[in-house]
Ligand code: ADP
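Just the one chain here, the form predicted alone, laid out as structure tokens.
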């Protein structure tokens, strides 16, 4: 009997170990959709960080310790194994003598830890020792973003031929080009790569080193998270300095849309919602909206549109522009609807929103931080979810919103353009500006107060299939294609 295709999926974030953004959701949902009898039948296992407290996390236990040779010398690696919440996908969380035992994964207070190159390079070395330690030798190593991109060029230098029973192919998925793992060249020794990789055709990047560039240069295939974003990053400024490298590999570079876990995001049985509803029975959504209005103390008319925001507070997400727009509209006495905003991130943007909430206490409610239950309730109760991103590789919140009959108001860039149909499943801004956003919000208000068309759009949005089950087929197809092609990476030095 032919053994199933096997994949080692490397990610710095996965629910339930650690989450700072959408990568954690993707890293949980995609492997589950690819594995087992209910998916594509792929034997997929996840390698992630042993973040603070993993030894106390329910379902995780220490299965083994081993000593690995790394650029920092011999390190003791502890493997904590668990399973994803609703599947049988193994998760190996690696603790390297406590280097991830910190309050943040990448940094604190909007800054980056100064030793991140050392930390994540050592983690990559440890991950590549795992096949020999566990006996799981994959067909494909699937890295995600800069944090695990080093594993691609490093692979033939750590996984020795005597350990391999078959050649291993590599895939790099880029979730956001803005984060590239760029560090000074005088820290090169932490990579563990030979000096032959320290050049323009390797990891060298404008007199520094880029971990993401290394993955782009040497992966058998490169993916990003939407077709439109793929086209945007082939040219500057979308490529953030790496467009040339991507164009060099564009025949092996594809855009595959992210999906959502429809078991976690289902208005019919969402455990975070006090009232449930479906596409065929929308009354529960109106009840949920009124309960939310009462909970948050809104005093305006019940028919007033409710706008939701669930987002990182970062320049990329357009939260600064949204604050400026609402401030202008509020000062002119025409603030559209009531607002519930959940997010955290840039301290300056957080402060701006605190000031805005204080200026309009009857119309804008703010919660700084991350709250999974509240995120579900905002998406379920709101009439509109506002996503004014400057750029958006794919985005998940707009797909969550459509699943819940909440219409996204978006800047049509990247995956927002690919997933939201203007006037049918959501609304597009005409331009990324205060006027463009203000016009879109006013258009949403008119739509909401108009009645019939709003309900038709809700039902249409809820019909869209954004599930990982359908998206996973594209990845399974890519995996099989890459196995049929000769390897791209010939080790240097």
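Residue numbers count along the first chain shown, from 1. This one's a predicted model, so the numbers in the text were calculated from it and none came from an experiment.
The same protein has a further form, the form predicted in complex with this ligand, not shown here; the description that follows concerns it.
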Segment that reaches this ligand in the predicted complex - one of 247 to 255, 338 to 346, 97 to 105, 132 to 140, heavy atoms within 4.5 Å: 338 to 346
With the partner omitted here, the residue among 323, 168, 122, 375 that in the predicted complex has a heavy atom within 4.5 Å of this ligand is 375
Taking 4.5 Å between heavy atoms as the contact cutoff, choose which of 298, 80, 265, 188 touches this ligand in the predicted complex. 265
Given that this ligand is not shown alongside this chain, does residue 286 nevertheless sit within 4.5 Å of it in the predicted complex, heavy atom to heavy atom? no
4.5 Å heavy atom contact, residue 370 to this ligand in the predicted complex: yes
For residue 208, is any heavy atom within 4.5 Å of this ligand in the predicted complex, or not? no
Evaluate residue 312 for contact with this ligand in the predicted complex, applying a 4.5 angstroms cut-off between non-hydrogen atoms, and reply yes or no. yes
Does anything in 94 to 125 come within 4.5 Å of this ligand in the predicted complex by heavy atoms, and if so which residues, in order? none
